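Below you'll find only one chain, the form predicted on its own, shown as structure tokens.
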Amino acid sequence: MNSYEELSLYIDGAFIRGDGRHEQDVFDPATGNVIGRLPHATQADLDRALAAAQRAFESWRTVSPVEKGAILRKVGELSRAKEIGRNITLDQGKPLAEAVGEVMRCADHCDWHAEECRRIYGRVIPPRLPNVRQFVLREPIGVCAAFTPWNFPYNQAIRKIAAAIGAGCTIIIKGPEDSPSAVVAIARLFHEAGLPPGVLNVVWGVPHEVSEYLISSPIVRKISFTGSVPVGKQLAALAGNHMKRITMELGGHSPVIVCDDADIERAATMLAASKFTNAGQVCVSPTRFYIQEKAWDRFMARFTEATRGIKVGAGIEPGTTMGPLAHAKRVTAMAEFVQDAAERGARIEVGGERLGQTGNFFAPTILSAPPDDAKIMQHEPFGPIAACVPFKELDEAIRRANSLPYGLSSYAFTGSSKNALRIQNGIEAGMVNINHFGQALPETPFGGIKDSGMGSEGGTETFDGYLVTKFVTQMD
């Protein structure tokens, strides 16, 4: 508990330290101090990981789903949430309670995938001739390459790993070099749980170099990526050149619609807590707030009050409810969003500035009435800024919510079933949350539409990207 994770590659069942490889510094975003050194994979390491994953697939694909489920379930039981959570706080910055909670929730993902992998069914198709039998098999696609982000380093990795392994695939994962401890910890848990060598491999390096090498390899049959829209499009194009299956969970710019018939105080309180979780560095973070005019004053009063109560500080310190941004460049980006909005007539209700000179701290910020062409209304801030604007009629709010090319998550609060139906039918998003935050559970699909990606993780859809369909017809 007193030291940071010992960072390494994990290839073919072995943890590999630097040993002359290039290593990069890992920083604590609250202090700027170096807390670890992360070894980068050489081309020989990547080739070894590819070969190990291919070799392991030949046997893992036929392993009983009961045995696969037992390993997944054991990983959930081994979670060591406090230790792993502390290291996530050190390299990513989020408050300790959030980091520990992230790890604990992922035990549920392991358990759910352990059960659901036992229900990967095919089907029998009634034949047209009496001496014909025809049926459909669902088989693992093969070796998968996964690329995961730094904002939820444990959660995003475990979802891909559990789905791939449960489906009978093997996987090479490149996690986030800026917050790597969680993925190394996951490798240790699977290692201890008895996962055969080569089924899971962890590599690190210069992101575009590793991704291009793995995606171009004929061994890799499936790519899963969570990250920004521009990078996702680049990887999708590369995968398309090689006709490879992809799952993409990309950026969002989540709209919130608060109708005047909603429980306004409750909505404002819930949204303040959700907006500033992980300092707003959440792909599904509520960002564009559309508040009906009659509810505007009540909502803004409660929303600003709750935001002012947020305690910003190092995530490891007791009582902190919002930590630093993960990267120093994001502090500059937040200031630019605020400056642009203010120059266009928006009012800064709360925050709007950097906090201190040490660490990557930016104040929780609320902007009121920025115009639709303001940068904050067009581009995902991925930080602790909420933009609030009034609206008159619900159709107007839905139109403005759908005006961007994003379509990941969305939120609405209303006391009317009629409004709720109009919203769920009208909003263009992969996920619609009405009167609560009910997404990202293991049993529910998580994914977006439009520029926000394709495919889903979670729910019964979780294995779709890792399975191929084989039709068999036989005549006696």
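It should be emphasised that the depicted structure is a prediction, and the values quoted were computed from it without experimental measurement. Start at 1 with the first residue shown and count on from there.
There is also a form predicted together with nicotinamide-adenine-dinucleotide (NAD); it is not shown, and the following applies to it.
A.B. asks: Indicate whether the candidate residues 233, 236 and 241 are all in contact with nicotinamide-adenine-dinucleotide (NAD) in the model of the complex, with contact defined as any heavy atom within 4.5 Å.
C.D. replies: No, none of 233, 236 and 241 comes within 4.5 Å of nicotinamide-adenine-dinucleotide (NAD) in the model of the complex.
A.B. asks: Wondering, does residue 227 line up within 4.5 Å of nicotinamide-adenine-dinucleotide (NAD) in the model of the complex on heavy atoms?
C.D. replies: Because a heavy atom of residue 227 falls inside 4.5 Å of nicotinamide-adenine-dinucleotide (NAD) in the model of the complex, the answer is yes.
A.B. asks: With the partner left out here, check for me: in the model of the complex, does some heavy atom of residue 91 sit within 4.5 Å of nicotinamide-adenine-dinucleotide (NAD)?
C.D. replies: No, residue 91 stays farther than 4.5 Å from nicotinamide-adenine-dinucleotide (NAD) in the model of the complex.
A.B. asks: Do residue 190 and nicotinamide-adenine-dinucleotide (NAD) share at least one heavy atom pair within 4.5 Å in the model of the complex?
C.D. replies: No, residue 190 is distant from the partner.
A.B. asks: Does residue 329 make contact with nicotinamide-adenine-dinucleotide (NAD) in the model of the complex, using a 4.5 Å heavy atom cut-off?
C.D. replies: Residue 329 belongs to the contact set for nicotinamide-adenine-dinucleotide (NAD).
A.B. asks: Choose from 101-109, 149-157, 348-356, 397-405 the stretch whose residues reach within 4.5 Å of nicotinamide-adenine-dinucleotide (NAD) in the model of the complex, heavy atoms counted.
C.D. replies: Only one stretch passes the 4.5 Å heavy-atom test: 149-157.
A.B. asks: Which residue among 283, 143, 165, 257 has a heavy atom within 4.5 angstroms of nicotinamide-adenine-dinucleotide (NAD) in the model of the complex?
C.D. replies: So the residue touching nicotinamide-adenine-dinucleotide (NAD) in the model of the complex, by this definition, is 283.
A.B. asks: Sort through 207, 371, 127, 122 and report the residue having a heavy atom within 4.5 Å of nicotinamide-adenine-dinucleotide (NAD) in the model of the complex.
C.D. replies: Checked against the cut-off, the match is 207.
A.B. asks: Going by nicotinamide-adenine-dinucleotide (NAD) in the model of the complex, which residues of 83-119 come within 4.5 Å of it through any heavy atom?
C.D. replies: Residues within 4.5 Å: none.
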